[in-house]
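The data below hold one chain only, encoded as structure tokens and taken in the form predicted alone.
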Amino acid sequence: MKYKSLVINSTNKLLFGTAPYPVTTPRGLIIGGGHVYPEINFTIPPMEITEKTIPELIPYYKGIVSDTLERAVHLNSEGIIVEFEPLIEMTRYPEIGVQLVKAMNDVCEDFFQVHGMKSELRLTPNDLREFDKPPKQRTSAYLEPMMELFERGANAGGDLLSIESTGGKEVSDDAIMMCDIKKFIFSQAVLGVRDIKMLWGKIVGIAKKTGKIPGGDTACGFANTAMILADRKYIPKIFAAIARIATIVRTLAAIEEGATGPDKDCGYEGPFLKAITGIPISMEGKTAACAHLSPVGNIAAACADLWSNESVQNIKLLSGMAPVAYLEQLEYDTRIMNQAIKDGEDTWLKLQDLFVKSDSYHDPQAFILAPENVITISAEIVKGENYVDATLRGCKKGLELIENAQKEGLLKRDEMEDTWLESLKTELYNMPADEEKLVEDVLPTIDQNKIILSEYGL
């Protein structure tokens, strides 16, 4: 592991709006430089997506961005990020995605020239490799259109490059459903790390070639899956909380490969990455309820540098189109954060404290995101001799913090989950910290028809 110590080692430095290594965008947004910006994310209702329908898609997407930026101007916003998460066909056939990026960036440039409105596009191509069955992480034919969209899309105006990578998902899905923490850690600290390093080596290379910003990855397809299943009471909340910690090192590997942030919003490993590496982060919370429910509506804002809504469909609401309405909500959320920053450290820390206290008692998944716990867990992670050891250390420390907080009345106790706490403790403390030994233990338990080990260099 590259990181052996924390860049941020005190809670009064792990704050929203500021990061040790801020990122400056081409139009002058300084992310992590003392201001929190909204990051609007949208999708479209079902419609035909082919190269033949590009003439219909371009005005549709331009209209969404134009309406959103117009509202941002009206609200005197100091700038926004617009995330473009292409639909599958737009990555599979890159020409579609490229033309949409260019069209939306043209709108952003027009608003910059006419109104001085600073906005940037985050381009997040789909990870298509999971459509191979079993997935081919390194040799998939789908890698070519993905990388083509990254490069051509960057040249067309995608200034921040990100992805929700899926390496290890063919193992993690079963592990989550069976609450098998050993198999889940294998999917993250072994498979995930290996895949991230390969994938982000390519993405960072494209970013350098095109002069763009390699933002970061996210464990959305892993820990958020656990979070949603826990919300529906299919799996224990405490398992979902520990699974969240187990995803940190696989996303950290992207930063080791050269990602600079801001990382992707839909994974809540961001605060840990910020503590360990000092990069700015994007987070989502209460305003992401349009996409999924969560127990971290306020606490997610505690360390955010970008504040996102996840994704909202472009449908008509009573007030207007949904992306415009959500931009307004995000803008008002960030206004109060930015006012707290302007008022000085006491107000800044007080607002963060309210974000934290309003959520941390109610759910272990929120509890582990409290800055104090983020730093404690992160400090254990960087002690790791390898990625498996680092993951185990973080998970053990998180479980210890949860158990102690429940005993002290600082975290709501769910008696139905008590047995899971003991079970997880037993599994974690009996798990090998050596990668080779973990692989040896786990491989016989995996359906070999679902995974191609050579695609991970195993």
Partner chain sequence: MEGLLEKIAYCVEFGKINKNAPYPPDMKDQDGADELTKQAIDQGINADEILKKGLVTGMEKVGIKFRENKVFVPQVLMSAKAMSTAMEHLKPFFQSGDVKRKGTFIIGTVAGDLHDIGKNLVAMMIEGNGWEVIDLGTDVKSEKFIETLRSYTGSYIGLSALLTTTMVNMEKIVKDIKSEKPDIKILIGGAPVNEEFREKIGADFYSPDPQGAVEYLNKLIA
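Residue numbers count along the first chain shown, from 1. Because the structure is predicted, anything quoted here is derived from the model rather than measured.
There is also a form predicted in complex with the partner chain; it is not shown, and the following applies to it.
- In plain terms, the part of the chain that comes close to the partner chain in the model of the complex, with a heavy atom within 4.5 Å, is 235-243 out of 376-384, 235-243, 195-203, 250-258.
- In the model of the complex, the partner chain lies within 4.5 Å of some heavy atom of Glu417.
- Although the partner is absent from this view, Ser140 stays clear of the partner chain in the model of the complex, with no non-hydrogen atom inside 4.5 angstroms.
- Mapping the unseen interface onto this chain, Asn155 falls outside it, with no heavy atom inside 4.5 Å of the partner chain in the model of the complex.
- The partner chain is not shown here, and in the model of the complex it never comes within 4.5 Å of any heavy atom of Gly409.
- Asp173 is the sole member of Glu372, Glu95, Asp106, Asp173 with a non-hydrogen atom lying within 4.5 angstroms of the partner chain in the model of the complex.
- Each of Pro46, Ile49 and Cys179 comes within 4.5 Å of the partner chain in the model of the complex, counting any heavy atom.
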